[in-house]
Structure formats: C-alpha cells, structure tokens
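As structure tokens, one chain now follows by itself in the form predicted alone.
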C-alpha cells in the first residue's frame, strides 16, 4: 500500500462510484468528485439523500458496487477489511455527532484512545499529540475529571482532539455541530478550520449547518444519492 505523508494531506478522487442496497435500490451514485489535498468540503442534502453513505464510503466502512475511491494513489474501495482498517488508523480522523467518548475516563484518556490499538513504539507520540490537541482546543490535558462532566461543546472538542491525535491526512465529520448550541457550534467550527489549516489536512463535513457549510471551500449537494455539481462557497 502506498504510504503518503499524513502531514501534507491527501487528494481525493472518486470515479463512477455506485452503492446499492440488497434490494437493488441505488443509495449513492457519484460520477466524479475531486478534492485537492488540504481542501475543505461540505456535503449537504435532505435526510436519506446518501450523505452518511458517502462518508462511510470515504472511510472505507461501506463497500461499493463499482468505482474507485482514491486517497492519493490508494483505492480504499479495493482494500480488504483489514487493510482498510489500517488505512483509517494511519490517515483518517473521524468525528461523530454523538461524540462517542468513554464517559468514565478523562479527556486525555479519551483523546489518546488510539494508543490502545497502536504498536507500542507509537503510543508515547499519540499521548503527546493528544495533550497538544486538547491544549490547542482550550482544554487542560491534566484535568482528571471524567468526560461525562464536560459540556456538549467541550465533549465535541475532546472528540476533535482524539481525531487529531492520530495525525490524520483528512478529517471526516458527520454533523459535528448538530448537538451543540450556536455559541458552542461556532467555536467548534473555528477550531476545526484552524486544525485543518495548521496541520495541512483536509476536512469533509456532512452538515445541515449553514454557518459551517459557508466557511468551507466547496459545497456538494446530494439528492436521492446522486451528486449535484460541487460549487465554491
């Protein structure tokens, strides 16, 4: 498998990608998407339009019926489950609407959770990056409080720190501001964009949030699984 540098990001190229349900219903039909390394993209559309399916395809979590999903020179759609999992661990950071934290442990333990699944030689660096990411997001990595005691906005920032601790080439975010009030959402948007800019990584967000979508480079709209032409904001 090619080994691109995760610091500089990865270009994305989708070609003739189609995903169908077992019934045969087409869930996603993407003739082409091209995104430069380090670029940002909002994915929009009504409920059921195929947004989450697209995000899962980009993460190598959903098989495709046909087509290529190229991160740099690696077609993640052609990898085995084990290879795709390894690719995600090395190059893709994921942020979820529901945070998916371990509530009974600290912010730092959550942000550095990738240590549990990484080779011993990488664990110290992951812990250091997790602490640095928490600091950059305004959280104290030495705070011993359990994650359940943090506010919604703080919990999402812990989740962002967890993604950044992987030193990813790209962040994939599924409705990252949906569970937050407006002030917390605006803070998170600024944090995500700063992280993408400072680390030279790409950012792809599925979102209904106009405030987030308008701050990204391009917007892609899905309708019944079919992509409309992406346009610059």
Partner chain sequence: MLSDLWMSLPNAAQDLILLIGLLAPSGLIALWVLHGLAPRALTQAMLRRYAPVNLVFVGLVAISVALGVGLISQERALRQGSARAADKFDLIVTAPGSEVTAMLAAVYLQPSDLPLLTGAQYDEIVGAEGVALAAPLAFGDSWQGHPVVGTTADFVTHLSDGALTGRMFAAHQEAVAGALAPVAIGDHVSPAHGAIEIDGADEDDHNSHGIEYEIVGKLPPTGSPWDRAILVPVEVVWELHSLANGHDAATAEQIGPPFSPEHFPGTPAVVVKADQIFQTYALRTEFSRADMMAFFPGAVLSQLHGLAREVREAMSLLTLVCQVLVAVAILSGLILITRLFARNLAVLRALGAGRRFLLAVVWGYAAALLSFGTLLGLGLGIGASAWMSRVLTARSAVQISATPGWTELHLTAGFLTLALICALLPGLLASCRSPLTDIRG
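Fair warning: this is a prediction, and the values are worked out from it, not measured in the lab. Residue numbers count along the first chain shown, from 1.
The form predicted in complex with its partner chain is left out here; the points below concern that form.
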Open item on the list: in the model of the complex, does residue 208 come within 4.5 Å of its partner chain, counting heavy atoms only?
Closed with: no
Open item on the list: Can you tell me whether residue 116 touches its partner chain? I mean in the model of the complex, with a 4.5 angstroms heavy atom cut-off.
Closed with: yes
TODO: Considering only heavy atoms, tell me if residue 157 and its partner chain come within 4.5 Å of each other in the model of the complex.
DONE: no
TODO: Could you confirm whether residue 149 comes within 4.5 Å of its partner chain in the model of the complex, counting heavy atoms only?
DONE: no
Task: All of 56, 101 and 123 within 4.5 Å of its partner chain in the model of the complex, heavy atom check - done: yes
Task: 39, 61, 189, 30 - the one with a heavy atom within 4.5 Å of its partner chain in the model of the complex - done: 61
- [ ] Scan 152 to 182 and note down the residues that get a heavy atom within 4.5 Å of its partner chain in the model of the complex; none is a fine answer too.
- [x] 162, 166
